[in-house]
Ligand code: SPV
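Read the single chain below, which is given as structure tokens and is the form predicted alone.
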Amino acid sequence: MTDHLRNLLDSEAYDKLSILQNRYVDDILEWSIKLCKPARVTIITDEQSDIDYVRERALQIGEETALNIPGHTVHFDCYRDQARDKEHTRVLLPKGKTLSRYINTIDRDEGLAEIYGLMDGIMTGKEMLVRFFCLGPRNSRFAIPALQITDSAYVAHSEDLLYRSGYSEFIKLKGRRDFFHFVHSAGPLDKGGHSVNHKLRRIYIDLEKDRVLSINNQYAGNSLGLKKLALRLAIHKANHEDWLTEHMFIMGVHPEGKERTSYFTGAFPSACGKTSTAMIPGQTIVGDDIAYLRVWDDGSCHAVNIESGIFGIITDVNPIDDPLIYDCLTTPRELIFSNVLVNNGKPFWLGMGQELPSSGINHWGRYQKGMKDEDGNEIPPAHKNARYTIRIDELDNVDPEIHNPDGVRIDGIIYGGRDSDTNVPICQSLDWDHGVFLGACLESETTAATLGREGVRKHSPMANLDFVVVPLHQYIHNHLEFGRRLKRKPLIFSTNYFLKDDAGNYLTNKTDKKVWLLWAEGRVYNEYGALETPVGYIPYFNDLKRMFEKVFHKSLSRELYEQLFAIRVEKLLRKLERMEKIYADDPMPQRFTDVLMDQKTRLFAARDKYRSDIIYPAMLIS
């Protein structure tokens, strides 16, 4: 440790830092202190007293406020800081390097000059909190230590709930540089404790140094370095090594009447059913957002949840549809609400199943129904992107293997898209390469089809497009190669819960996805047959009929089955045309191109054979 750094720290902070014996940590901290110029530096270890200090500090300085239920607090972000800032989230790109056009970049030298200028003195008069976390279970080959430097006690408290403490992991590094680091500042605050310089919000990802610099924000998606910002760093690391970092849940599937657990991962774009799948009744959850996947010693695929908590959207969480989560949100435990409505110490949110008060405190400040902002927009009582932050161990359906350092063996992978008129509810890929293709072609219909106008479809390969910081062809190539290294490959499935009839009514209920999941789990053990189609394997009617009767005590009609699992050739060919255009600018691996062309050939051949643009299962059997 340099003499200069010794002079920047009090004796307690110096002692805690010196235990690490890591000059890289020392250099990062010295640089951060000199640039940001905090009034005080506090080092937080794994000790409970240190962790308690962070929570108490958040309450003391007003970044959080205590609510009526013990352990519950609320935080409000700036009115203009309520979601991920895609425009100002940029990868710092060194000269001579290129990335896919989907990735928002800025010249590295230009970006660093800008953000260093904005960071100069940004913590003046504030306390710098230095945190040590572990991405993934401790004592694991999956684990990546992470250093978080922030002037926000709310950010530091949130990460206590979301991640495993990692001071001990930094000791185990024995001076090595193998960790991510993040420097964050909320910037100047108004009287309400909100960031005021939202127009100077910057989130810059520096792949050269495994770091993220984030300023003038408080919303967790922009300020919590270990979440989606660390996801980008890990994607870069994984795609230059031999593993995968994915925007996936991990869940344990428990078939009724059988003494076994099969583990599935799942990648779904927003509003495509990711959370509702991970929380299907009777199943267990390992993680809801980000997974690291590795080829294990026996040739199988193992995965861990890098987090130990949930930063979940609270809108529409209600006691009918989400009883497990709702119970956690309404009983004593350590929990942070953000951007909800608070009335007399009680939180309220949109879609919670009861009438909301007409006044209170929310992300705007003092709220009264009918208020409008400076642009004339009516201010909702709670923000539609309001959140809750909670430890995943608080859920009754948490899986017992959540902290297993070896992770869990993955038996199946689900890629879930959303469209009203094309894909079947559940389909198994023909093989691993075809499964990677299905994931790379994920689409989410953002606007439902009305009056004959087709819905707007947004493409998101592996539900990860916003976070991929390597060229798409490399990202997809690494998925294909990952499968080649596996001796025991997980089965890959695609889902679509949103098919509609001609009148615009959904063909299935919200709960039906449990049957699709259990069918996929049964396929792992060859307990169900499958009908081969041009786009993959689909369930037989008799199997689904028995499953619906057993699981829901209701009947599935042959007519509905034929409608749900019809192969809509023309619409599928249009989708392939969209994919060809999308990937034309970033030439894909030959194996990917071959799979695409093979699928197109199969669809054309089927249309010619059956002389129809819609091929029903009964036609394939006859």
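Residue indices: 1-based, along the sequence shown. Since this is a predicted model, take the numbers as computed values, not measurements.
We do not show the form predicted in complex with the ligand, though everything after this point is about it.
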Since only the chain is shown here, I'm wondering whether Lys227 would be in contact with the ligand in the model of the complex (any heavy atom pair within 4.5 Å). yes
Can you tell me if Arg418 lies within 4.5 angstroms of the ligand in the model of the complex, counting non-hydrogen atoms only? no
Although the ligand is absent from this view, report whether Asp399 comes within 4.5 Å of it in the model of the complex, heavy atoms only. no
Indicate whether Arg138 is a 4.5 Å heavy atom neighbour of the ligand in the model of the complex. no
With the ligand left out of view, choose which of His247, His236, Lys513, Arg202 has a non-hydrogen atom within 4.5 angstroms of it in the model of the complex. His247
Taking the ligand in the model of the complex as the reference, which of Asp289, Asp411, Asp322, Asp160 has a non-hydrogen atom within 4.5 Å? Asp289
Which single stretch, out of 500 to 508, 427 to 435, 216 to 224, 324 to 332, brings residue heavy atoms within 4.5 Å of the ligand in the model of the complex? 216 to 224
Counting only heavy atoms, which residues in 362 to 391 are within 4.5 Å of the ligand in the model of the complex? Arg387
